[in-house]
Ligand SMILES: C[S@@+](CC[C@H](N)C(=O)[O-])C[C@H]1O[C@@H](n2cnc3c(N)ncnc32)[C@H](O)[C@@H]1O
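Encoded as structure tokens, the following chain is the form predicted alone, with no partner shown.
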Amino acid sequence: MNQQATGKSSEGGSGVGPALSDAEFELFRRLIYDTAGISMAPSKKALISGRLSKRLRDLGYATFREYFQWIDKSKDAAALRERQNAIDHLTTNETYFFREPRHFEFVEQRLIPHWAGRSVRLWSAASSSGEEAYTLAMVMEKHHRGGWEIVGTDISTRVVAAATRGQYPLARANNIPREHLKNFCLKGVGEHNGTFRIDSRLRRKVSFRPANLREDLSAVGMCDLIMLRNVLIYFDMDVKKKVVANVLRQLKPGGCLMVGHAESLHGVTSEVKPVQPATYIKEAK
């Protein structure tokens, strides 16, 4: 890994806040379902309480209900920004570099030879803080002989901003092969010690933007590969069908769709055919 000073990143603090009642939990559970289609089980009550308690303290709200009523009913700019902030805090999911490596092996061994000499567009459709998109970028930069670009989208504006920075704690580098660390990552020094940043050669080819998978996605453009991984598990069947239909409108005929290995498109769509576990091809018309 090369050494270079990188930009700063920060994480919010934590602390004890007001208790979240069952009725208040239902308000936030409905908000996140109506907004993002995510079904939160009762076991997620502690998660909601933990992630939003600091916001209540910072804003001076004594109860979750008062906070909810402000972000749900008020149309002033501050309330709208805070509503997005609450959604950001409730939709952040786990991700890491080279997660589910069989997918990246498929890209290297099957898709890249098929794309030889072509310019291709790839989409990380639930990109979170960017590790999936940058993993794909490392594979493409090493193996693809042709133009390429990657777009990453997420409903959380906070993680979109983090992904755009492309800066991570050094512990996140554990799954990155040594060769890729050396060629594509810059180690922070001085005040940036303990972090690394994705090299600008890759960051120039990877862009991130907010997007809601339940809404029109035509702004993303048409893509040769779409990774929709480890997000469908949070949706009920009706939302899964809508999200997959929206995403597939942006997949070129003959293009590839990947979902998480714990997910399946059985009963969700007939527009794509499986070629290996969690990997599907959209048939050319």
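Remember, predicted model here, so these are calculated numbers, not experimental data. One rule holds for the numbers: they count along the sequence shown, beginning at 1.
Unshown form predicted in complex with this ligand; subsequent notes refer to it.
Heavy atoms of F68 never reach within 4.5 Å of this ligand in the predicted complex, leaving it off the interface.
When this ligand is considered in the predicted complex, R229 lines it closely, a heavy atom lying within 4.5 Å. Using a 4.5 Å cutoff between non-hydrogen atoms, E191 does not count as a contact of this ligand in the predicted complex. Contact check for C223: no non-hydrogen atom falls within 4.5 Å of this ligand in the predicted complex. Just one of T164, N85, N212, N183 comes within 4.5 Å of this ligand in the predicted complex, counting any heavy atom, and that one is N212.
Taking a 4.5 Å heavy atom cutoff to this ligand in the predicted complex, the contact residue among D76, E179, E94, E105 is E94.
With the partner omitted here, the stretch from 169-177, 198-206, 121-129, 142-150 that lies within 4.5 Å of this ligand by heavy atoms in the predicted complex is 121-129.
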